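Listed next as structure tokens is one chain, alone, in the form predicted on its own.
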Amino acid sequence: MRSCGWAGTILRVDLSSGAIERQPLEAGFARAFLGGQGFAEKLIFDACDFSERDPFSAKNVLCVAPGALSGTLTPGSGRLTVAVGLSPSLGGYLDANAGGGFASELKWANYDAIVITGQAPHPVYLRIADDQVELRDARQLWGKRVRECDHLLQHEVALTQYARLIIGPAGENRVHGSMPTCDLFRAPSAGSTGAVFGAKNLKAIVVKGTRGVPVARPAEAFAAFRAVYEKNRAEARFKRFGEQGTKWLVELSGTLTCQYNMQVRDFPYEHLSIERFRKEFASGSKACHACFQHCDHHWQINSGDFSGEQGSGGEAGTIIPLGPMCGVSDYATILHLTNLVNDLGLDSITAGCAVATAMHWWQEGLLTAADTGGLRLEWGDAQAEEQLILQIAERRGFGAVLAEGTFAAAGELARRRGLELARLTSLIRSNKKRREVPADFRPLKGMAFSRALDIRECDVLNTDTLMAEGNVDYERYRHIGVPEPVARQWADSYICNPMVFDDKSLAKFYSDNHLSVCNSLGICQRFTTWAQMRMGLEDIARCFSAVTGIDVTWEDLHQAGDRIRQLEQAMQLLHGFRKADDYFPDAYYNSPVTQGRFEGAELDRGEYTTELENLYRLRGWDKDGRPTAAHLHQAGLDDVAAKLRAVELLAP
């Protein structure tokens, strides 16, 4: 299939045999699963052996997929999905997402997805230049950090302005929280996908495309793009995102995150103000492909220990875990650590949470210098933090213990020191799926509801109910692009009240579908309703219709989002997840915040369960979260129903 929007080809790479095959994209498949996350999920579902529990097995499936609109000028359409059939850190299916230029280059090279299986006999990298696809020896690159590897690749690949995914030492060493760094500074950060690259001996993927993407109705497409641009440009938040990125959220989230969510009152958040960053460090704006918002920054450190160091990135999701969560408030140090984790190929949230956990254990006397090899892990000790991050990536010293993840580290410490395991695990901030939760969301019920259900860390493309909460009414919902019947339902509910659980399932249901659509089309959430900008599903449907020539409504896209969610739930059930995993640990419930601005706030387990079962009902699942055959049939997923029925995981 070579049509408008999609490239028309799935690229399959078997690293064990070295075989490279091109599979034509089927029209029905494309329309049902859209691209990006949707393609990755279905391709992995079809290829995954769910009985295999070793994420580093050659059987594990890796998929890289641009969105259906990536490569066009659709606003914010530069997002890429990186997904694995079995995540080392989750123990289930997981997809991550990154901006930059990789998604567009892959589409321009004529590929809608790369499916990678097997295990190379020695380190290799995948070079793609339009029709020229080859595996090349990467033994000379193994052991190199990301930037050094990129520098060496520039002399090898004989391409100009190519895009790349590269793993650092963390991925090679199969570290919990490792990732392939995208274009040096972008992070498909969730789920330890870098460790799967490392296990497969795949050091990097580089791609250069020159084919472009055909658009079915160019004048209509340009009008749809321009309408989004004009609406968003009129928003005050557009200017704020463009000038400040998400760094303004650092001060806002202050009392929720400092010293691993301990609600410290006197942390100097003013040291991390966006005004200080812009005055002392920012050197220019940076944008992904097709982004007119350019929320990222280039920066430079002009004085002190790291004087002369330059980089990009460092949004709230990086600054908070590497800074306040570990008690560090020096901006230059945090930017330096941002460069470090990108260069090592480590997810900043997971790395920051691991260090903060160790520091918390240290404060409680559960960890001593005898355990850390002399490293003293006091709150705010940035040098100790840097040393521990290096140890984690290189699997040496106490870092080798944390490299397996905080829960595994707790088990090892309990064994070594004869401690009660619960004393250690009670200080790890995560949901029941053991996904890091880098803030105390007990005061915010919608955020808490989302984070308890999440399969990946908090990031810009993760799901939550923010679009529906706060000082919002019907007019405001319509203003930010919520379709009329949904806006009317929300306005007549308790969704906008962040202090109660009531009706949060309604917001979560719509929000999850919305995000699955965006992740499948490659659209950044910063342009959309999710960020309270004005690109809603109706706008997205107009862009999709004009680019592909296939007329769809917002309801069609919403149903596609539900289909993708059904598929994801089926995979997690096949991997062993159950209703009991859709909660926070027991200690989060009926346990009030004891100090700080939100003192007294707590989560009620009964109220939470009511909303959880309401969400299941909206999805067509039973009270245990199992899909029904009828709903899967309606979604065109009879093959999924058959696989669930075979192992008695369909709802009766």
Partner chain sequence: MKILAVDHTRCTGCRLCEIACSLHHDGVANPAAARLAIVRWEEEGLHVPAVCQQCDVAMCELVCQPHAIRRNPATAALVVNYELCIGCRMCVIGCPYGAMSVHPLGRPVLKCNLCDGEPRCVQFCETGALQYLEPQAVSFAKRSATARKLIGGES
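Only a predicted model underlies this, so the values are computations on that prediction, with no experimental measurement involved. Positions refer to the first chain, counted from 1.
The discussion below concerns the form predicted in complex with the partner chain, not included here.
For the marked spot (Phe29, Gly636 and Lys643), a heavy atom within 4.5 Å of the partner chain in the model of the complex is absent from each of the three residues. When you look in the model of the complex, the only residue of Arg376, Arg417, His294, Arg396 with a non-hydrogen atom within 4.5 Å of the partner chain is His294. A heavy atom within 4.5 Å of the partner chain in the model of the complex is found for exactly one of Ala403, Leu153, Cys288, Ile128: Cys288. None of the heavy atoms of Glu386 is located within 4.5 Å of the partner chain in the model of the complex. Heavy atoms of Asn302 never reach within 4.5 Å of the partner chain in the model of the complex, leaving it off the interface. Taking non-hydrogen atoms only, Gly576 never approaches the partner chain to within 4.5 angstroms in the model of the complex. Of the heavy atoms in Arg442, none are within 4.5 Å of the partner chain in the model of the complex.
Look at 377-385, 417-425, 211-219, 166-174: in the model of the complex, residues with non-hydrogen atoms within 4.5 angstroms of the partner chain sit in 211-219.
Using a 4.5 Å cut-off on any heavy atom, the residues of 71-95 that reach the partner chain in the model of the complex are, in sequence order, Gly71, Thr72, Leu73.
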